[in-house]
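Here's a solo chain for you in structure tokens, the form predicted on its own.
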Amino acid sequence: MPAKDWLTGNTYHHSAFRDLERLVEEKRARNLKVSLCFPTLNEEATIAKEIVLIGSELQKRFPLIDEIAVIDSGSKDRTREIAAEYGAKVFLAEDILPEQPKYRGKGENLWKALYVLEGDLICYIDADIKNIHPRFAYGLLGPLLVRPELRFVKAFYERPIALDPQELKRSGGGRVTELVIRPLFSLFYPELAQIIQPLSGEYAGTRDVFESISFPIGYGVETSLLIDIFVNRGMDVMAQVDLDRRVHRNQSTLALGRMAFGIMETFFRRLEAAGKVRFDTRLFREMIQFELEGGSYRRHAYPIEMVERPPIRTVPEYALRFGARDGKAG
């Protein structure tokens, strides 16, 4: 059962880390480099604001972040051009480790980011946040800097849901969390049920943690990170931070269904590997849905690519580049 003191001892509000001078001092005292990564796909509407607000406060005014990078999946809009104009390092995911098989997905971008980023601490933030604020970065980095024993910090927040372009309902976001992931965690990993928003796209951690675990290329990446870090290192290296409120575009129920499919496949794969369950039949790889078209329902089958990248430290090119690191974040 969950440890009773984890939730109170390892849950913070971002305001606990608003003393940015202290965070910079902690970073310098430990001789750390900090990287911020935005995984992107067609985010021209929000990426400039994210880079400007975080860069001006946490790079120029307070040198907490050493580099801001965009890892792009092949945007058809001006995401990459805008990001470069505003000072971010910009990479096309397919150009990173080109000798590796090419895939597309958020998890792919996060995994490949480890090869091009230089930081000892790495912060991932989604690129579609409409109410971006520096707290999204310093709130996640703060616990890692003031508590060296921590290795991974997860964000949570209020997630209003857009009912129409003019109306935001106060709550209602996190539907896949409450209908899929929290029930599964409660059944099989009750300790992880203490994570308020396990599917949040904002988190930070030490390089040694991220480089030692595998990354599903798609929807399952947030779930896999939590399970693998917990299994390998336990809850005591993890914390979570309340970032107050996050406004972003909401997905349709059908899109969330496809997301849930990928998440559940990743979850079941880990259950089987851990010996918690055994499947006597092959799991299918297509999400079957029905949509009303022209007055009748039509069947659609969506293949979900179930590929996982291995721990990147096992990739020869990565080992050649980072093998001599001293693990100072640990």
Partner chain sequence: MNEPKPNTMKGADPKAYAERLASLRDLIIGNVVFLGEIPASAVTFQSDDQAGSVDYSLRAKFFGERLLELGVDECSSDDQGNPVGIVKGRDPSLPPILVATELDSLFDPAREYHYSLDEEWIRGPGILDNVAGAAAALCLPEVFRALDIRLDSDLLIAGFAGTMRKKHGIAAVDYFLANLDRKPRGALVLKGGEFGRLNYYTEAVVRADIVCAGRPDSGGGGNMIVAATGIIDSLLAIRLPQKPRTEIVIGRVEGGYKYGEPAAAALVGIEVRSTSNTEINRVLERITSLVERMRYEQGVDVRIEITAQLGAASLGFEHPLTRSAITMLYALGREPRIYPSVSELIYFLERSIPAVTIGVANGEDKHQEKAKVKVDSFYPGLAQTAALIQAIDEGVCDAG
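Numbering follows the first chain given and starts at 1. Since the structure is predicted, the reported quantities are computational estimates derived from the model, not experimental observations.
Absent from the display: the form predicted together with the partner chain. The rest refers to it.
Using 4.5 Å between non-hydrogen atoms, is Asn131 touching the partner chain in the model of the complex? It does: once the partner chain is placed as it appears in the model of the complex, Asn131 has a heavy atom within 4.5 Å of it.
Does Glu85 reach the partner chain in the model of the complex if we count a contact as any heavy atom within 4.5 Å? Yes.
Indicate whether Val52 is a 4.5 Å heavy atom neighbour of the partner chain in the model of the complex. Contact with the partner chain, yes.
So in the model of the complex, does Arg28 come within 4.5 Å of the partner chain, heavy atom to heavy atom? So Arg28 does not count as contacting the partner chain.
I need to confirm a contact call. Of Arg282, Arg299, Arg278, Lys60, which residue comes within 4.5 Å of the partner chain in the model of the complex, counting heavy atoms only? Going through each option in turn, the one that passes is Lys60.
Only one of Arg313, Arg321, Arg18, His13 comes within 4.5 Å of the partner chain in the model of the complex by heavy atoms, so just point that one out. So the residue touching the partner chain in the model of the complex, by this definition, is Arg18.
Mind telling me which stretch in 99 to 107, 133 to 141, 189 to 197, 215 to 223 gets its heavy atoms within 4.5 Å of the partner chain in the model of the complex? Heavy atoms within 4.5 Å of the partner chain in the model of the complex occur in 133 to 141.
Give a yes or no on whether each residue among Ala48, Ser56 and Arg78 has a heavy atom within 4.5 Å of the partner chain in the model of the complex. Yes, because Ala48, Ser56 and Arg78 each have a heavy atom that approaches the partner chain to within 4.5 Å in the model of the complex.
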